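Okay, here we've got a single chain as structure tokens, the form predicted on its own, with questions on binding and movement later.
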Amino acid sequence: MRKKKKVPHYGNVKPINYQAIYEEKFYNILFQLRFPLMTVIFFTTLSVLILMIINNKADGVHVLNYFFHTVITLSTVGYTEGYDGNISLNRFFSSMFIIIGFPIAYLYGLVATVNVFMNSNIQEIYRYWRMYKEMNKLKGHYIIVKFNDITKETMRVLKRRKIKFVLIEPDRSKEEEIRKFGVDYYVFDEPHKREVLLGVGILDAKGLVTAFEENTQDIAVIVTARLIRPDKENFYIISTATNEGAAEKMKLLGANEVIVPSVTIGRRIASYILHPPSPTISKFLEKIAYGERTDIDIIEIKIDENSDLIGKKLKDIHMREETGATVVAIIRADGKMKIAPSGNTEIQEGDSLLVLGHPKALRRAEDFFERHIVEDKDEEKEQEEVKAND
């Protein structure tokens, strides 16, 4: 009995293969060249064979001479006789070949080939094919929906951090602007369609950013994306909204974070009023917060419940020595924050560590804490309890 093919939870939808689309277009253009090229090859081969028969020569030197003789005859760049016998018969054949073969093989073949290359836009199609071929290899990238002032700034920061992303833009008229901006991977399609999101690699992506001018379009994208990637921890969706009411709806539908530009700008202005900034400090913190600095960053690392670091002091885990990153704050499970913790501060279950450092050091810090997660910690505790009872 044959097993039924398992249908994905988001439905039996096939992703759009953008590489295959342009690959087919590219081969269709090459297919148009078959008759012109076959004509040139046929008449060239025929001429060489007839000259071999007339002169009864089949060695490599004479075959090469006959081939050369045929090519320069067709191209009319010159004339030389690649034979030393049967002069009259050879000349008669060469004359007839020029009369018949030149217009058919050269004029038709060359004109048809040039016409295909001039009218088919083959260079553009080949460029798309190469772009989508590379796009299909992406892992851990981000999907950016809509090309506008908001996403431009987002893409600038991602490019500065060398983070890969794919842009989905419904309006093809923006292509020239997108190319000038320097976007490496982009498609022109409707981002709310499942096959489109699957086609740009949503199953291997880290997250999605959608920033339409209308909330309904953002909601459609969020719902479709969350249908395919329901896990909020492994796939992060960020959106914009025109008001707080729409932002709340988007969060209920699956967005991790929703930014209301008017609220964000208003709060930013208020922060300057309430806390007059030092020019140096404010710019430094702003560059870190908004990702403008590439030599320093800050991340949050949650302590896993199975970590063997729980109960240990910061000075005893030697994290800074191993990674080069620094713990600048600890947020306890009850929400209380401990700023600039000392080396005697103990790591507790449910803690979140704010770690500051160079991006490479932060990656080492993430690996450091992952290495200290013990899968069978509960079993070890049970064994220790049994030994204690014995």
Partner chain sequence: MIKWGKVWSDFFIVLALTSNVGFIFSHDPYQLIVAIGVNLIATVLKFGAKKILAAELLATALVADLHLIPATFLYFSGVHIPLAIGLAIGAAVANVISIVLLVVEIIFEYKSEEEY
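Positions refer to the first chain, counted from 1. Just so we're on the same page, rigid core means the largest C-alpha set that superposes within 1.5 Å between forms. The structure presented is a predicted model; accordingly, all values stated were derived computationally and were not measured.
There is another form of this protein, the form predicted together with the partner chain, and it is not shown here; the text below is about that form.
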The one option of 41, 337, 328, 333 with any heavy atom within 4.5 Å of the partner chain in the predicted complex is 41
In the predicted complex, segment of 353 to 361, 42 to 50, 340 to 348, 320 to 328 with a heavy atom within 4.5 Å of the partner chain: 42 to 50
Tell me, yes or no, whether residue 68 is in contact with the partner chain in the predicted complex, where a contact means a heavy atom of each within 4.5 Å. no
Please run the contact check for residue 24 against the partner chain in the predicted complex: heavy atoms, 4.5 angstroms, yes or no? yes
Counting only non-hydrogen atoms and a 4.5 Å cut-off, give the residues of 9 to 34 close to the partner chain in the predicted complex. 24, 27, 28, 30, 31, 33, 34
At a 2 Å cut-off on C-alpha positions, does residue 58 qualify as shifted between the shown form and the other one after fitting the rigid core? yes
With a threshold of 2 Å on the C-alpha, tell me if residue 337 counts as moved between the shown form and the other one once the core is superposed. no
Can a Cα shift of no less than 2 Å be assigned to residue 328 between the shown form and the other one, given superposition on the rigid core? no
